[in-house]
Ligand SMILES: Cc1cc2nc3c(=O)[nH]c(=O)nc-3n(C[C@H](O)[C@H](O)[C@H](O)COP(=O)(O)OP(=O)(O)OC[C@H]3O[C@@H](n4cnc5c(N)ncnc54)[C@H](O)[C@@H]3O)c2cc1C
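This document starts with one chain, in the form predicted on its own, laid out as structure tokens.
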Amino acid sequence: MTSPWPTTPATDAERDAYRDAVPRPFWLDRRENPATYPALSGAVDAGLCIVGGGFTGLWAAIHAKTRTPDRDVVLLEADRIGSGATGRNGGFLSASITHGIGNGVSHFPDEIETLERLGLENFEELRSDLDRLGIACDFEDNGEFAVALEPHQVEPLKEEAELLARYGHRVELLDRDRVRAEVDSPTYLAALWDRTGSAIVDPAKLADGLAVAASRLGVAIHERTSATRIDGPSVGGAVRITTGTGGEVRAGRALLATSACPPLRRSLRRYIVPVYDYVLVTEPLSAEQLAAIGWRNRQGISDTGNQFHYYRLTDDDRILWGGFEAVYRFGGPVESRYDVDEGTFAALSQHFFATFPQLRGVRFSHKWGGAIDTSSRFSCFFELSHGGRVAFAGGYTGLGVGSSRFGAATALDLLDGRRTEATALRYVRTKPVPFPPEPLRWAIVQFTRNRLAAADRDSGRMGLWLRTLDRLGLGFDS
């Protein structure tokens, strides 16, 4: 069987479908009067300063005030709450803290039982937090489909189903007819339906709800306040965070949650590659269009190639469609001018209509892109610095909606010197294999992307380069 993706350029109709789309994340574009927070001016003292107003920073703020209500917590966000990867992602909330069970087994075989259990516990605790804090974020616990599009992808689904079932997941394998009865695409050959620890949410509503909850707990949130430098600790034991607004925070502890943005600690740049991911969102589907594809159970979906798509329905029955290309640019710049990439949008549109030909004529209302914080092991890692007074958590590689809660809690445990089951794990105590400096970094990333695409064209067969990366603990996917 040949690849389901066309090898010819996108047609004029496929390009026209997104031509007038708003170049802004759908989730952020439809926000209604979100709370705003003042920029920091002057100098303030705090027990904890959090840098970054995405999911990790917001969860850290809530954890910190819940554990120690009298601790003064300040959170700095360079733009608006949720404006980075938090507000740009697809809204897939997974229990996995290892970027999937296969990746977890590959990197942490001796700890996977514990990591799976901790991930599932984190998922259920997150659900409870949403209820406790009164956060409405369109949470839908419908499970997730991994779909096979080529014959060589079918057998690995069976192997993953056995692995997931071994660690407590409710899974179901669907053959071609059964999966197409659920979601009708001519590209589908089989699917694995994982009904455990997988949901979809509106990420902007989740971020806004977390910020309001944190503020109610007493966290001082400052938007439009970029952190430009961190120094210390001083004789008195405080670290000093200087801001672009002329302000300063003197804090006993600091937690860096900067995702793909350049971290305040330059040494961390060895472990993170900012790659750009792109997304299209359709206009709302009519009842007839929905009936043509089914999807009554509203699962999140991803296909299983090295270069894969992820997609889901929104609360107003649009289809969010993203992934496939992960674009790295020389030097790893993170700039708004890269948020639109016409070549990638053209490929996404073309692949969308190949997946759902019955939806030809549908137009896309939104298109966007942005950087995600890729690490060589694809999952969160941690670092303590400045005499144990500064912690970093990041490197989620696009699967941080749920695992960021775990990352935030674990980073706080490290800062506070709390010994927990998690902090004893090699997963927490070790860092990923670092990426090489430029220009070697760019060359390796580009060559690896080329070899991954070649493997997809060759029935998944990995050549020498990809096998070598696997042996080195650098098994790349898109």
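We number the residues from 1 along the sequence you see. Please read these numbers as outputs of a predicted model, since none were measured by experiment.
Absent from the display: the form predicted together with the ligand. The rest refers to it.
Partner contact region in the predicted bound form: 48-56, out of 48-56, 423-431, 409-417, 436-444, criterion any non-hydrogen atom within 4.5 Å of the ligand. None of G305, G370, G209, G104 but one reaches within 4.5 angstroms of the ligand in the predicted bound form through a heavy atom, and that residue is G370. Residue L399 is the only one of L192, L399, A326, V73 with a heavy atom lying within 4.5 Å of the ligand in the predicted bound form. At the 4.5 Å threshold, heavy atoms of N142 stay clear of the ligand in the predicted bound form, well away from it.
Although the partner is absent here, Q358 sits far enough away that none of its heavy atoms falls within 4.5 Å of the ligand in the predicted bound form.
At a distance threshold of 4.5 angstroms between non-hydrogen atoms, E248 is out of contact with the ligand in the predicted bound form. In the predicted bound form, T282 stays away from the ligand, with no heavy atom inside 4.5 Å.
Although the ligand is omitted here, in the predicted bound form none of G100, E116 and Q299 has a heavy atom within 4.5 Å of it. Residues are counted as partner-facing when one of their heavy atoms sits within 4.5 Å of the ligand in the predicted bound form; in 211-232 these are T225, S226, A227, in sequence order.
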